[in-house]
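Just one chain follows, in the form predicted on its own, and it is written as structure tokens.
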């Protein structure tokens, strides 16, 4: 078979085929059709030369590049090419060798249409948005989370002290950052024990539910033991760096979390290594959709207005694929149709350079069905973390009730100090 045998512009995919949307940019001397054929070939059952073991039966399993729109190409894959319920195998297929092909200058996997049988083969979130809200007894407003800063280097005692201030100031969730696990200055077991004791104290003082997104990231068996410890100590959440641990570990931890009654907070650390270049790599949409299928309950999506690269159309698309059950094709945002077959929703997390002055922007862009995570925007408050947490809560109340922040700040000194310190600046 030649590479062009994997191109069929008359092909109409069935609902049972997986469809991938690629940006395909060939090197000079290679046509777009041949380049797309190479992608379809390498990601299904072709290779660089004719092989005597090819048959008509096997040929029917070939992927087909069938729709071309500029450099954008849709490729359809027969469902039989995939092992249902195995996210590692899916990614190895449609995001495997193809990015190293010399015939391609740029290649980006932008989005996926997931066929019904594949969707059914994954469990989806165990708690979902509704379950997370039930844990925290927060019905309507966005959930607030904060990472004690500096993100690493604090002792357990310093970490726990900051946690208490953050909780009593008005934040719902304490959160570890991606690189805090069990270092010598802040061991995992001691941090979890002492933090959850302080959580209980904060709950009694505030009358509000509080919890802790504990980073259990480690080799799998250590992650499992850490999750068990969290559950034994009365925690409700675990956090996993899902891309550095990998899809296999995440799938296994989804089962562990189910058995322990824990929700999973997904940190996307490492994603920008392959999502940031809009012409090459894999989009964050594909990561988020895969994570929802596997079963995370919350995941970071960006802010548009914060310190990290997060374009508006990407952030809103991420929120939609995580919160909606069905989506029609949206060519402007490069979103293929979605039907999550009743899977629970995953809560989008807006994070990265947020402070009270940016809260109205975040709500305008993403609505209230979100988690807002601010680290420096709480710990950087000139009066301290308790006041920083209070300022975030005050900004949230004002924004939800249509009150200008400057107006609300007149009678709320914590918000007033935050606005005097940061104003409405967008970090770079």
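Residue numbers count along the first chain shown, from 1. Just so you know, these numbers come straight off a predicted model, no measurement behind them.
The protein also exists as the form predicted in complex with a small molecule; that form is not presented, and the subsequent description refers to it.
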Which listed residue (177, 194, 236, 110) meets the criterion of a heavy atom within 4.5 Å of the small molecule in the predicted complex? 177
Picking from 147, 144, 73, 291, the single residue whose non-hydrogen atoms come within 4.5 angstroms of the small molecule in the predicted complex is 147
Interface membership of residue 302, the small molecule in the predicted complex, 4.5 Å heavy atom rule: yes
Heavy atom of residue 308 within 4.5 Å of the small molecule in the predicted complex: yes
Using a 4.5 angstroms cut-off on non-hydrogen atoms, would residue 374 count as touching the small molecule in the predicted complex? yes
Test of understanding: in the predicted complex, would residue 151 fall inside 4.5 Å of the small molecule by heavy atoms? yes
Using a 4.5 Å heavy atom cut-off, which of 186 to 194, 116 to 124, 345 to 353, 207 to 215 contacts the small molecule in the predicted complex? 345 to 353
